[in-house]
Ligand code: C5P
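Before any questions on binding or motion, here is one chain by itself as structure tokens, the form predicted alone.
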Amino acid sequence: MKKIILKAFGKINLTLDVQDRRPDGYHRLSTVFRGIHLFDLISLEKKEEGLTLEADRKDLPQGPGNLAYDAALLMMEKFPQISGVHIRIIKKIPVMAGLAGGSADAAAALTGLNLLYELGLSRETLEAFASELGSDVAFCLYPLAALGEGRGEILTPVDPGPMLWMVLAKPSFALSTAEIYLHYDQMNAALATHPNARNMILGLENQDLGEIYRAMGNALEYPVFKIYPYLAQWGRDFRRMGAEAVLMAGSGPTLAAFAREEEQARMLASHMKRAEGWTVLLTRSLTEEDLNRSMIYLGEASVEENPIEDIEGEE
């Protein structure tokens, strides 16, 4: 085989509690991850030697600093049989939005190289490599539903629960995760929401949307909303538009507005698209079937013979 094309799915944190700072400088987290049906397309093609990356957004690193590139470099260092690879990325997940777009791309690079070069690595081995790259990368290897602890890389699978329909609304600016955690450290942590992951897990197990909505929470909302109070106001506006719950995604600034049914979510999206400068995306939670269909192509065609753009609109 010469080439593989994969979907790299993003995520949201249904709960995100930030605890004390660890000796290595990271914070201890307790979070319930849930994969979402929003994905980048990642193409990996064998080449005789070297590592190159091409993204459709020129504001993204096209080499070191791009997590997909860093993931491939890590694999090449560990496995000399990986002679070379060219990576192409088509971004559909907004950048620096709290949706794990970069982590998803890195996870796809790990998975893709394992398949492309027939390394036969276990999921546990890939998770160990993923933890070297970032806190969310391990979950993005199989982004269904999990409790994340440690930095978020210690995973315990949980029941994915009922279908969750949501509208993602991202303002025109991006946030630095490091800056948000710095603000969190400087404030009184007691002022933040500290959601109970166990309550969320019970809601998922019980297929209880009401319980799920009540259990949602994100400790990082407090510092973000203090810096950008109009994000909190938009959250209140989305509730007035009919959202069942509104939650900031990860370290922000994206807001996720939840709906019980697809039709309700479409109505929300229609209202929210009137907000100038916001990126508004309708999506839903990920299913096992979605994950089973995450590999779009595996075979011998070259980039020229089977360009990634030809399948960009798949589904």
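Keep in mind the model is a prediction, meaning the values are calculated, not measured. Numbering starts at 1 and follows the sequence shown.
Form predicted in complex with this ligand: not shown, discussed below.
Of the candidate stretches 207 to 215, 115 to 123, 191 to 199, 174 to 182, only 174 to 182 contains residues with a heavy atom within 4.5 Å of this ligand in the model of the complex.
At the 4.5 Å threshold, heavy atoms of Ala55 stay clear of this ligand in the model of the complex, well away from it. This ligand is not drawn, but in the model of the complex it has no heavy atom within 4.5 Å of Met272. Residue contact with this ligand in the model of the complex: Leu29 places a heavy atom within 4.5 Å of it. Taking the partner from elsewhere, Gly299 is found to have every heavy atom lying beyond 4.5 Å of this ligand in the model of the complex. This chain appears without its partner; in the model of the complex, the one residue of Arg151, Lys170, Arg88, Lys91 with a heavy atom within 4.5 Å of this ligand is Arg151. Scanning Gly203, Gly235, Gly134, Pro160 against this ligand in the model of the complex with a 4.5 Å heavy atom cut-off leaves one residue, Gly134. For the partner-free chain shown, nothing in 191 to 212 comes within 4.5 angstroms of this ligand in the model of the complex, judged by any non-hydrogen atom.
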